[in-house]
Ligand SMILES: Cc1cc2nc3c(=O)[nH]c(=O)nc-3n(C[C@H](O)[C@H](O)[C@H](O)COP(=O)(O)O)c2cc1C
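Take a look at this one chain, the form predicted on its own, written out in structure tokens.
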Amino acid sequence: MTPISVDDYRSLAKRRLPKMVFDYLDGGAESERGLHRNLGAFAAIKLAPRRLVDVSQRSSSVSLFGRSLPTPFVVAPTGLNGALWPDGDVALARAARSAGIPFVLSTASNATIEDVAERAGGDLWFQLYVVQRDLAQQLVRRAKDAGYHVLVLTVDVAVNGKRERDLRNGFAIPFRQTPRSVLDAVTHPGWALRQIRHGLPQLANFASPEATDVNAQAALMRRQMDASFSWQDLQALRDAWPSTLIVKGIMTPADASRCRELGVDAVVLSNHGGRQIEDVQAPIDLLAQMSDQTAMPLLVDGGIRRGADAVKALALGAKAVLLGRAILYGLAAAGEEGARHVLEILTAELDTTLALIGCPEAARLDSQFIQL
């Protein structure tokens, strides 16, 4: 089967990956109401096409932080990508570079900050989890020295959400060898052979010569972050980081306004893909409420599976959208080639949607294209 949609790539990823790895990629918190709410929220938004508009020439480009992007997509920070495909972080960064869009490297990556910069390059952003204060400062310095020009602070993981699929499967890095997990791997030989050939993934930023800390690795796997990190600490980070600073995980207008007051450059409206707490709003619904209230750039993630979803987000006031599971399904199914193809599919769908709603430029999208 030649995949023609993100859902097709999800089916291929499910077939290729062991159950415990696919569930890690695909699952959400508790009963997964939040995960499904994210998807349903996009489906509930209806477009309002304008007619008799010249759409013979179209542009998907947008402006973000004074720079032009060919499409409004950003590859979101995601951890343990090496469990999906060997060198998964590098593959994603290369796919993003080919598409001319930013790639956000997670603190929980399986390739180091330096390795991704050297082997992939492109428009690199770094996402920070604060596990230990001194270690966080060290990671920020390394990112700056390696040429990452945007820092994304994730603030919605004071403790780990209850991810029941992972708990049932006993998912962990390094992989635990139990009779069930061994059988799971043996029945997925393509995945198993690649993992054996390339070596099992590890949290590279905590196992490099620059930062070897077993306790920090264990804390990161359990999402045991520094739960005392506060607004005062955000101010100190703002003062220390000289370039663009984004806060990811904001879910209220008040918190977005506080970020703006502290000099944060943008926020990502995000519920962590429904992986932390399930009974919160879908970020796209929050965007519809906030875009006229907050005088700062708003980015959004959570549930984007179609190019039309990006159109809806931009029409509701987002400056760009972050892709998590959508591009990971491509990576899990076919590595860098799959990730690139997902970006091509979403870009083509976005272009088609622009034509069909009578908007020749993505940068001109606004609420007139949404049925209110």
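The first residue of the sequence shown is number 1, and the count goes up from there. What you see is a predicted model; the values in this text were computed from it and never measured.
Keep in mind that the form predicted together with this ligand is missing from the display, and what follows is about it.
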Okay, which stretch from 341 to 349, 299 to 307, 44 to 52, 64 to 72 lines this ligand in the predicted bound form, with non-hydrogen atoms inside 4.5 Å?
-> 299 to 307
Heavy atom within 4.5 Å of this ligand in the predicted bound form, from candidates Pro201, Gly88, Pro102, Gly273, belongs to Gly273
What is the one choice in Thr112, Ser106, Gln195, Asn169 with a heavy atom within 4.5 Å of this ligand in the predicted bound form?
-> Ser106
Does any heavy atom of Tyr129 come within 4.5 Å of a heavy atom of this ligand in the predicted bound form?
-> yes
Indicate whether Ala76 is a 4.5 Å heavy atom neighbour of this ligand in the predicted bound form.
-> yes
Closest heavy atom of Ala362 to this ligand in the predicted bound form, within 4.5 Å or not?
-> no
Look up in the predicted bound form whether Lys312 has a non-hydrogen atom within 4.5 angstroms of this ligand, and give yes or no.
-> no
In sequence order, the residues of 4 to 40 that place a heavy atom within 4.5 Å of this ligand in the predicted bound form are Tyr24, Leu25
